[in-house]
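Before any questions on binding or motion, here is one chain by itself as structure tokens, the form predicted on its own.
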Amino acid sequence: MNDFLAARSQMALSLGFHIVFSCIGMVMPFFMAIAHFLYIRTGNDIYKNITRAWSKGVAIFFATGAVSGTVLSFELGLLWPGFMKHAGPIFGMPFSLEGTAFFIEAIALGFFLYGWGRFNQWFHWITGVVVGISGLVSGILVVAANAWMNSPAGFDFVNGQYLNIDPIKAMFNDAWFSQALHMCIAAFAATGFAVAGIHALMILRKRNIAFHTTAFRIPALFACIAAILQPLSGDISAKDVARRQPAKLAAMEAHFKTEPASPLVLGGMPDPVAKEVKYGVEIPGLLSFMVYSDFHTPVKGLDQIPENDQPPVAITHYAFQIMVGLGMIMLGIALCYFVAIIRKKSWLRMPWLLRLFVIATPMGFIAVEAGWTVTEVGRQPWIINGVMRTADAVTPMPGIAYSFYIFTAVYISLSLIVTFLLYRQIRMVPEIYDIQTPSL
């Protein structure tokens, strides 16, 4: 493994772990705040116990997210000094604001965790809401920085120099809204299905049924709403990519040839040498319609993009197909759940519906990982789209492969520790959380 590949692999590994921690940190506080609100309004101790149980999970993922996020900030400077030398002054604002949001989140979480019985109940609840809002804002700010890499703005690139820097314009670049919208909805879908799936499993195993049934409803509702909205945000994002990054769209769709009535390819195995997709199903004109709302307008293919500017087609296409396929499965589960709520309430007591949520437990996060693979691999060979190549930004220092091996071991260990802590929290439900406050 050469140092360039090792640097990219280490960054991919760090982002792959951090995005899971971040999604949960962005969404779980809202679940926690809703359960807390329902406890205050109803006085039902089950909601209080759910709130306290979920708050421990929020604390675990806040700590791990802080660690993995700090590692990423150092990796940007150490692995990609050529990038940060020029990009830091331009897109540094969202990172500095994200740091502010992080500190607000940390303070509010401390108030919430240790505020039981010490604060006014509504002030206590507000601190939980602040945890969720600040976490969500942190995520949006980081996505805005990544969007700048896909749609650079806020500077003039003249003779290799970055001039007339405007950090506000850089932060609110053309891609920030579509990416932030898509990412936020994805976080709610992924976290919602994961949490609902765990509670569904406990219901199927007949463990603390009242606790887990009540807890299941909150994330299930959010997950299903997000799963229905996600295709809409995906359409907005894909149209934006088609306009700004035609090479990425062509790789996503394995679209080799520019032609009228461009077909949409479902599945298949791209062959970059033969410039074709084997075993795929083509739907004539559908790609043109999805991009331009017209069945005949040609969509730019890879044949109009220089080979040294083309992203890896196979990885990008497979990741995109995985993301879309899992998104459609979650959409189907969401529709079943809403039919059950509105028309077929007997379905809510059926084991098969709970099993669907159990099966969907990892799907959202797999889709998120696939989506970020599309975002990052699909931008290659650029680290700043159309401005700086990734190979020109990497550190000249040797021995990066050893760093990659060490960080791989660290992240695997961290994931095992987090898994153990969450497993212990689930096992402790009967002893700590599924209890009723005795009447006075």
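One rule holds for the numbers: they count along the sequence shown, beginning at 1. Quick caveat, the model's predicted, so the values are computed rather than measured.
Not pictured, yet referred to below: the form predicted together with a small molecule.
Which of Asp235, Glu276, Glu259, Asp309 has a heavy atom within 4.5 Å of the small molecule in the predicted bound form? None of the others qualify; the residue that does is Asp235.
Answer with one of Val265, Leu356, Met323, Val291: the residue that has a non-hydrogen atom within 4.5 Å of the small molecule in the predicted bound form. Looking at the other structure, the residue within range turns out to be Met323.
In the predicted bound form, His255 touching the small molecule (heavy atom, 4.5 Å): Close contact is absent here: in the predicted bound form, His255 is far from the small molecule, nothing within 4.5 Å, heavy atoms only.
Heavy atom of Gln179 within 4.5 Å of the small molecule in the predicted bound form: Yes.
Can you check whether Ala200 is within 4.5 Å of the small molecule in the predicted bound form, heavy atom basis? Outside the cut-off, so no.
Using 4.5 Å between non-hydrogen atoms, is Gly371 touching the small molecule in the predicted bound form? Contact check for Gly371: yes, within 4.5 Å of the small molecule in the predicted bound form.
Which is the contacting stretch out of 294-302, 238-246, 345-353, 152-160, given heavy atoms within 4.5 Å of the small molecule in the predicted bound form? Heavy atoms within 4.5 Å of the small molecule in the predicted bound form occur in 238-246.
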